[in-house]
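One chain follows as structure tokens, the form predicted alone.
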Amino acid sequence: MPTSELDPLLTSLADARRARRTVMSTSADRAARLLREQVVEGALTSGTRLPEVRLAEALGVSRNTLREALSQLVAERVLRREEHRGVVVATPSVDDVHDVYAARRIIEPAAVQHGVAHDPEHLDALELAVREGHAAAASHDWRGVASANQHFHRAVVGLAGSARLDAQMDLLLAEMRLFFNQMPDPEPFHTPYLDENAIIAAHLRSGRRAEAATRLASYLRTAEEQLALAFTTGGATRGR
């Protein structure tokens, strides 16, 4: 992403900060969370260089605070440091795909089957994400479909009722979006999961947790295989 293409994102971050009247001069964690969310939502893609001065101004933080936030995201493997370029959004590997999905196959089905927050509010969040995904697909907005999928899986982990798991899922979702961005053709990849998400949400609304967990575990395995194949055959090149 050329520097000029960052302008709308930087303006958006600055406007949002001013609207909230939030000054994050002592909060690297909050700055890191805002940047991580831009990766989760697909606004920052692999290879994008992050200019320190302009980014610090947009976030309303000092450069030292920004550097602390960037270092945190480097440790999370969302960003990386490159010689002569500085900090850029990471480009994942097939090993990253397998590692992230190993974590997801443990966390998500367990949240579905054993979570303590299967209340109407959390179930509504699942169904809202399903509707969001179908609406985006109807508009051929595949970036929007990917975002809706992220929202669905965040809501899945929310069923666990654990703030610690919610925080861990945010890290995984950032890496997930970087995987999705590498897929050369998002439509055939994302389309089947729109209906899968709807079925899982319906099972959970009906209290069929075991069925939902089994279906989710199977679909995570299929998605992992699809992504890994794209990475290993050279198909996942978009955004590199």
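The structure presented is a predicted model; accordingly, all values stated were derived computationally and were not measured. The numbering used is simple: start at 1 and walk along the sequence shown. Between two forms, the rigid core is the largest collection of C-alphas that superpose within 1.5 Å.
Below, we turn to the form predicted together with a further copy of the same chain, even though it does not appear here.
Stretch-level contact check against a further copy of the same chain in the model of the complex with heavy atoms at 4.5 Å: of 133-141, 165-173, 119-127, 146-154, the positive one is 165-173. Contact with a further copy of the same chain in the model of the complex holds for all three of Gln72, Arg77 and Ala110, each having a heavy atom within 4.5 Å. The contact residue chosen from His203, Arg30, Arg67, Arg215 relative to a further copy of the same chain in the model of the complex is Arg67, the criterion being a non-hydrogen atom within 4.5 angstroms. Contact annotation for Val89: none of its heavy atoms lies within 4.5 Å of a further copy of the same chain in the model of the complex.
Contacts to a further copy of the same chain in the model of the complex (heavy atom within 4.5 Å) from stretch 85-116: Asp96, Asp99, Val100, Ala102, Ala103, Arg105, Ile106, Ile107, Ala110, Ala111, His114, Gly115, Val116. After superposition on the rigid core, the Cα atom of Arg215 is displaced by less than 2 Å between the shown form and the other one.
Relative to the superposed core, Arg205 undergoes a C-alpha shift smaller than 2 Å between the shown form and the other one.
Superposition of the core reveals a Cα shift of less than 2 Å for Gly161 between the shown form and the other one.
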